[in-house]
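Single chain ahead, written as C-alpha cells, the form predicted alone.
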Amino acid sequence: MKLNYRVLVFIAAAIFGLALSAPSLLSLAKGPKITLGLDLQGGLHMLLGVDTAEAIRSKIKSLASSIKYAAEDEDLIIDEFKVRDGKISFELLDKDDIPKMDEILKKIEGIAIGKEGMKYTISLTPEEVASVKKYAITQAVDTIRNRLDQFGLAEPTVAKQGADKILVEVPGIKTPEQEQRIRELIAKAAHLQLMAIDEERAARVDQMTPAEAAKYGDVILPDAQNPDRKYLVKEIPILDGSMLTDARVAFDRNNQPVINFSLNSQGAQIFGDFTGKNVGKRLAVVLDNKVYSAPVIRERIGGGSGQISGGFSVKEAHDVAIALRSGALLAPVFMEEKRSVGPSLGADSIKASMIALITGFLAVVLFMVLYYGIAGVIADVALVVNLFLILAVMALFGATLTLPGMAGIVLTVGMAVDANVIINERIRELLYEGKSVAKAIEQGYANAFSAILDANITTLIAAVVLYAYGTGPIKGFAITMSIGILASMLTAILGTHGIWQMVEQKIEKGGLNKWFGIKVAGGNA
C-alpha cells in the first residue's frame, strides 16, 4: 500500500473534524462550540407589531424641528408655528421673507406645500408616508437586532415577517427576570429629545390641561422619577436622538450611574446655538416622553455632549445606553404573540433528534457493509469523517444548530452515502464487463463524477436560496446542508478514491465478493 495525496488530504480532514468537533461533543471548556438554537436549548419567541402611525408623527415633528431651526438661522420671523393632525402650519410676519422660506422648503424632499398669502401648511406626500412606514419596519428590525447583539446574546433571530410584523427569537432565556429585561430592551423606544421649557407659563403647569398647553404649542410631560411632578415644554424639540453618535455609562460625583451622550456636528451646532441664546433658561432632557432632568443653562455648551441622570441602576443605565447607541425606534413595537420554549422541550427535541440521527446512521452503515462488503466499510469511514467535518465547520464559525439543522445533517448522511452508492455501482458494472480492478475503479469514479457533481450543485443552489430568503431555523437547515454537501465532495469522492488507489493492488489477490459484494465468473478475483 502506498500513500497518495488524496489519502493525505482525507487524513488531514479527519484530524481537523475530530479536533474542532470535540469541544462541542464532549462539552469541553475550551475550543469553539456549536451554539444551540431556540428549539434545542429553549428561549423566547416573540412576534411584534409596529405602530407605523407613530413613525409618521415622529417624522412630522422632526421635520418641524428642521424647518424651525433653518428659519431661525436665516433670521426669518415666524408665528403660530404648530403641528396638528399630521400637518405643520405657520405664518411669516414679513412678506420679504417668503423667497427665503420657499428656498428652505424647496430643499426638503417628500413634502406637499400649501401656501395662502404668508400662511404655510406643510404635510408629507402619500409616497413619503408609504416610504416612512416601510422604513420604520426595516429600521425596527435593524435596531432590535443591533440591541440584542450589543447585549451579548448569541445568535438571536430578528426578521421581518409578513408586511408589518417582526419575528424575534432569543435562545437561552430561561428565567422570568431575563425575559423581562429582554422585552424591555426590545420595546424601549429610546427616543431622546432635548426640549425647551416654556418658562413664561411653566408656573401654571399643574393647573393646565393638555388641550390648553397645546394652544400655546406646548406639551405636558411627567418627571421620570416623580410622576406627580410635571413640566411644560415646547412641543417642537430642539433636537432629537437621530443626531446622537454615542452613549456611555459613567458615574457622577455621588457615584450614581449616568449616561453621557455625544452629538454629531449638526446636533452640536444646534445645541450650541440654542444654549448660547437661552442662558438662564431651562433645557429638558426627555427620554421616551419622560423628563429626566431640566437643568438651567449657565453658559453656551459647545462640543456637542450632554448627560442624562435620573436615578438609574447600573443595569438600567447600561440598557438605556445600549438602546440609545443602537438608535431610537421610529415607531413603537408591541407584543402580538409571546411563547417561551422551555429547556425541557429543547432537551426532548435533542433526544428525539439524536435517536433519529443515530438510528438513520446505523441503518445506512449496516446496509452499506452488508451490500457492498469492504467497499461499504470505506464509504462508512468517509461518512463518519463527513459528520465530524460538518460539526467542526459549524463550531469554527459559531453557527447555530437548530432542529431543522439536525434534519439537514440526517439528510446529508443519506446524500453523502448516495455518492458512494453511485460510484460502487459504476465500478461493479465495469467489473461485470471484465475490466481489471484498477481500470474499473478509475473509470467508475470518472463515470460517476458528473452525476454526483450535478446533484450536489443543484442541491447547493437550493440551499443557498433557502439561506438567502429563509429565516431562523430555515437558515440553519440551509447551512448544515451546504456544509454537508461540500464535505461529502471531499470525503465521499476524493477521500474514498485515494483509499481505493492505496489498496487496489491488494484487491487482485482477494475476492470481488469480499471487496465489492459481487461474484464475477472468471473475474480477476
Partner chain sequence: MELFRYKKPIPLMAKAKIFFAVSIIAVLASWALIAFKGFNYGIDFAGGTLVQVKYEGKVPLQKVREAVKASKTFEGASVNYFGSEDEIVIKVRTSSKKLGTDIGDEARKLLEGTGTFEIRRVDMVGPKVGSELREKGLMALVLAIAGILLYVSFRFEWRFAVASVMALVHDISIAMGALVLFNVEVNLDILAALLTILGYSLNDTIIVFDRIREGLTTVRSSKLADVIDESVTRTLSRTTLTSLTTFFVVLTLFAMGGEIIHGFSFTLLVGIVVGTYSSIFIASPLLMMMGFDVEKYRQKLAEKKKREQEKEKLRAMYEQGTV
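Residue numbers count along the first chain shown, from 1. It should be emphasised that the depicted structure is a prediction, and the values quoted were computed from it without experimental measurement.
Only in words, not in the display: the form predicted in complex with the partner chain, which the text now covers.
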query: Partner-proximal stretch of 496-504, 52-60, 27-35, 477-485 relative to the partner chain in the predicted complex, 4.5 angstroms, heavy atom; finding: 477-485
query: Contact of residue 225 with the partner chain in the predicted complex (heavy atom, 4.5 Å); finding: no
query: Non-hydrogen atom contact residue 438 with the partner chain in the predicted complex at 4.5 angstroms; finding: no
query: Touches the partner chain in the predicted complex: residue 370 (any heavy atom, 4.5 Å); finding: yes
query: Partner contact for residue 257 in the predicted complex: the partner chain, 4.5 angstroms, heavy atom; finding: no
query: Partner-contacting position among 415, 129, 202, 374 - heavy atom within 4.5 Å of the partner chain in the predicted complex; finding: 415
query: The unique member of 212, 177, 91, 246 whose heavy atoms fall within 4.5 Å of the partner chain in the predicted complex; finding: 177
query: Complete contact of 338, 356 and 421 with the partner chain in the predicted complex (any heavy atom, 4.5 Å); finding: yes
query: In the predicted complex: members of 396-417 within 4.5 Å of the partner chain, any heavy atom; finding: 403, 407, 410, 411, 414, 415, 417
